[in-house]
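Just one chain is shown here, as structure tokens, and it is the form predicted alone.
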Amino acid sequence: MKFIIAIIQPHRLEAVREALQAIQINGMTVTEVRGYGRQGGHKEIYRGAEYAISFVPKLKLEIAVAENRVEEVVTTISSAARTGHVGDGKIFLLDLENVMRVRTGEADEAAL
């Protein structure tokens, strides 16, 4: 099993969610986060004054998947989240040792 963490632009969430539902990935956790990568933030003008925004708003998606679905899920997320501009995000893959569904006690892939 793998744990996929994807950092995406907030306005791409619905496109990613719909694309994942189309391939029967029905569960994910979404967290509002702030950060920066190569773009290093941006500048905004408010009431005539320029402000540097160091941390850009992003969304962090967390998805647990079976090993045989990893490539499909990563490809789906990257194609749905891509705009072609700096700041599209990143996808991280981590090994997932164990999962347990609290309600039923199911473990590992049965719990996904």
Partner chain sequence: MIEGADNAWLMMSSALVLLMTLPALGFFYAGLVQAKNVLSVFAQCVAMAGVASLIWFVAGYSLAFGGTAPFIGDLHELFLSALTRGAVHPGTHVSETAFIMFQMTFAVITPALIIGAYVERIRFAAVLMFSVLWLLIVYVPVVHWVWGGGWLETRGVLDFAGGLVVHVTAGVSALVVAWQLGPRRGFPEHVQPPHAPWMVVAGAAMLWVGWFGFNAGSALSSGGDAAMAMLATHLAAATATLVWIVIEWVKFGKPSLIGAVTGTIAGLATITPASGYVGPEGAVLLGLFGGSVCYVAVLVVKRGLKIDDSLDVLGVHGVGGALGTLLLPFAAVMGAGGLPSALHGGVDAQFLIQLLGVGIVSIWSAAASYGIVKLTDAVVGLRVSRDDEIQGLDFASHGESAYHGA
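Take the two forms, superpose them, and find the largest set of C-alpha atoms that agree within 1.5 Å; that set is the rigid core. Positions refer to the first chain, counted from 1. Keep in mind it's a predicted model, so treat the numbers as computed, not measured.
What comes next is about the form predicted in complex with its partner chain, which is not displayed.
K.L.:
Within 4.5 Å, heavy atoms only: does I53 come near its partner chain in the predicted complex?
P.N.:
Yes, I53 sits close enough to its partner chain in the predicted complex that at least one of its heavy atoms falls within 4.5 Å.
K.L.:
I'd like to know if I45 sits close to its partner chain in the predicted complex, meaning any non-hydrogen atom pair within 4.5 angstroms.
P.N.:
Answer yes; at least one heavy atom of I45 falls within 4.5 Å of its partner chain in the predicted complex.
K.L.:
Has the Cα of G84 moved 2 Å or more between this form and the one not shown, judged after a core fit?
P.N.:
No, the C-alpha position differs by under 2 Å between this form and the one not shown.
K.L.:
Superpose the two forms on their rigid core, then report whether the C-alpha of Y51 is displaced by 2 angstroms or more between this form and the one not shown.
P.N.:
Yes, the C-alpha moves 2 Å or more.
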